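We begin with a single chain expressed as structure tokens, specifically the form predicted on its own.
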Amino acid sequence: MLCAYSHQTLSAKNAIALDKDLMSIGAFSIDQLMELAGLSVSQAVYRLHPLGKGKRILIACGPGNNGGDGLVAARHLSHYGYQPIIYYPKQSKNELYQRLVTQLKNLDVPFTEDFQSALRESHHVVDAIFGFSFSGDVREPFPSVIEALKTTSLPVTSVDAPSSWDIEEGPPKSGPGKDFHPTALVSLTAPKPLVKWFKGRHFLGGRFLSPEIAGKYNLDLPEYSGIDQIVELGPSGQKL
């Protein structure tokens, strides 16, 4: 039975406000939210790309929270038995991100500065470059990376937003992200308006909203099953 859920989306303004409410009303720390987001992404990758399809997962991380979600996902994927490799060219000096990097190095997860070579040796790619707060032009070194994501034959899973997409307007009309359509998308907390342009497999992650906060933003989200941190949504937003 499909769950009634027809693309309720969260605008850029409300996504920022909701995050603030999670850390004030909800009493979550940024560490907790990033951990839950990364765990959701790792479960989606496991669902999309079982170990038997190939263990090498290339994770492209941007300088902000989206990149942090990718770092957390890499740690979980390593524990699942995958062999993640991290492309993280603009590493944040923030203590949180530095701890996430140290955790991966403690697991002997390699970092690379050569995205193209790593791509040729991988089985699946996680796009954790830019999330819902992205705006403006794509800056170096990411234009060529997004172009490579667009043209690769490998499956690509994007975190919260396909990198370079506008949260409200979807894919850009020009630039490196034009015609970039990843294989899968993991929306965090709630889908964003850009999902109306997305045609791949769509997962919702972020099993942490209280009824109070969900109600404040008019989010009637689908139920998660068992211990899952993700739920797959159909083309109209319904739970599969």
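Since the structure is predicted, the reported quantities are computational estimates derived from the model, not experimental observations. All residue numbers refer to positions in the sequence shown, first residue = 1.
Keep in mind that the form predicted together with another copy of the chain is not shown, yet the notes after this line are about it.
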Worksheet entry | Contact segment among 55-63, 24-32, 190-198, 174-182, judged by heavy atoms lying within 4.5 Å of another copy of the chain in the predicted complex | 24-32
Worksheet item: Just to confirm, R120 within 4.5 Å of another copy of the chain in the predicted complex by heavy atoms?
Response: no
Discussion item. Within 4.5 Å, heavy atoms only: does K90 come near another copy of the chain in the predicted complex?
Written reply: no
Practice prompt. Answer for N14 alone: is it within 4.5 Å of another copy of the chain in the predicted complex, judged on heavy atom distances?
Written response: no
Fill in: Interface membership of Q229, another copy of the chain in the predicted complex, 4.5 Å heavy atom rule
yes
Item to complete: May I ask you to choose, among I86, A161, L100, L149, the residue with a heavy atom within 4.5 Å of another copy of the chain in the predicted complex?
Response: L100
Response to the item:
Looking in the predicted complex, the residues of 76-114 with a heavy atom no more than 4.5 Å from another copy of the chain, listed in order, are H76, H79, Y80, R99, L100, T102, Q103, N106, L107
